[in-house]
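Here you get one chain, nothing else, as structure tokens; it is the form predicted on its own.
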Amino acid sequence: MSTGVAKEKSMIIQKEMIAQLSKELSMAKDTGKKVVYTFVPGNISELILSFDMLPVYPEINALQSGMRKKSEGFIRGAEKHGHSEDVCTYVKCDVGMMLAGNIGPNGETVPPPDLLLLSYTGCFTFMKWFETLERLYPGVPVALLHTPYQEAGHITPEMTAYMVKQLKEEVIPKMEKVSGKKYDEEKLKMHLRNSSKVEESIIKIFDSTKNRPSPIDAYFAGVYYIGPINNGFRGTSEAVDYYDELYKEIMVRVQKGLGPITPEGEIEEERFRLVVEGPPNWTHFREFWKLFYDMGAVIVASSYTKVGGVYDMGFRVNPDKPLESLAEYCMNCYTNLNLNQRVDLLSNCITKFHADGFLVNSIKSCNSFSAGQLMIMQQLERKLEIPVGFIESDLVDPRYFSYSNIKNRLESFFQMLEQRKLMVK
């Protein structure tokens, strides 16, 4: 077993991008840059950047803390402060980090917010989370961008108009006041043109799993691929360059007939192709991934990589309609889709990418994903007659990751997939 793999150029580019943003944030007080706290689903990065402000994403800080084994201490600190064990562990990790001095997972100080931008997209926890942040940072203005849920399964002109009205009357005026700059629509259009290019690259990148073997893992590696667009770089020229480079690297792997790169090395034989629903566990991310690697299982599509935007159903930003595009982007995030839409999306992924099985990773503290997952699983099993599996873990609380339980369930699931393959032969 290899202890690591050589970093490709795209990995180095992304690392440098994230490091530069962290540096800028740590120097925000000195440079006078204003800081906006916001969320990944519905993160209107292009608008934030058009005001020359810096974004901070609490979920990103939490998941990185989980990967660096720092989250448990933060969570316990938040619980001592009165937060329930049943509260989303992202929230408790984020609050605990702030209570402990707001030193980010990379060791850099995260500056306090100048604006709290609450982009509500299908997760009610976000609203309570920002109420907590408002108490932690008294006097900091809050801008609410409420996103209508796609209850009927489609976006109406009235829904878009409702969101554009909020952008014009609630969000932009507060951004102008905080930043000291006027809204510049041409600058916003420039960022949206970059986003349009990135969206096309992302579709091609995740469509590459149609190949056998798949050149990428669309879940474990996929979370790295969506890093830049979900961490403040959507709308930037750096993101365009990063995704261009990543796509080139993936196409080389396709031409050579290579499987995915993992922390353990390359997968030499693709035995099972899976579609996965739900976020990964971050505190034991490598061990979690290795369970799949050891069985030759490759994830060819996942719902989690669509949490910051679903492009599979044809949505693309239109730079000529900037505010409408931001509105429709928010409404097209995965957590804002109704359960029937999620079933259809996952069903298309299973069929399109020739998956052998469907697996749910149910997150104890994430109602936004976990609600309805059993129904999704049952519907897909009945509709496609495909083997389904179910495991449980948590986002960033190591107390709720049971390696042995997950391993046993996965082994049973993979045995079922193996038997199914033998029967088909």
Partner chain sequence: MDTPDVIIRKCEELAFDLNFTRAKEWKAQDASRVLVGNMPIYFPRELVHAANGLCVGILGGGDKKLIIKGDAYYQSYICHMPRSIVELVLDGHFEGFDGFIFPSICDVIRNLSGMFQLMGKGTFVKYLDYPQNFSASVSEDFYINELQYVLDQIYAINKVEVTAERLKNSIQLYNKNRSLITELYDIRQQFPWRLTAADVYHIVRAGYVIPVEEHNEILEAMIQHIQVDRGKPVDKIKVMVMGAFCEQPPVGLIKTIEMAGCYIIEDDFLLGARWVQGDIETTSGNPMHDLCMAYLEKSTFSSSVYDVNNPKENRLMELIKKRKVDGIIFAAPSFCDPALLDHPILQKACNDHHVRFISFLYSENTGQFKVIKEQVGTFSDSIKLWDEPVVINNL
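Being a predicted model, the structure only gives us computed values, none of them experimental. Positions refer to the first chain, counted from 1.
One more form of this protein exists, namely the form predicted together with its partner chain; it is left out here, but the text below deals with it.
Stretch 355-363 is the contacting one of 58-66, 42-50, 355-363, 29-37, since its residues have non-hydrogen atoms within 4.5 Å of its partner chain in the model of the complex.
Under a 4.5 angstroms non-hydrogen atom cutoff, its partner chain in the model of the complex has Gly372 among its neighbouring residues. Of the heavy atoms in His81, some are within 4.5 Å of its partner chain in the model of the complex. At a distance threshold of 4.5 angstroms between non-hydrogen atoms, Ser195 is out of contact with its partner chain in the model of the complex. Contact between Glu199 and its partner chain in the model of the complex is not found at the 4.5 Å heavy atom cutoff. Contact with its partner chain in the model of the complex, defined as a heavy atom within 4.5 Å, holds for exactly one of Arg286, Lys182, Lys204, Arg135, namely Arg135. For the options Ile261, Val87, Val178, Met251, the residue carrying a heavy atom within 4.5 angstroms of its partner chain in the model of the complex is Val87. Interface residues of 157-180, taken as those with a heavy atom within 4.5 Å of its partner chain in the model of the complex (partner not displayed): Glu158, Met159, Tyr162, Lys165, Gln166, Glu169, Glu170, in sequence order.
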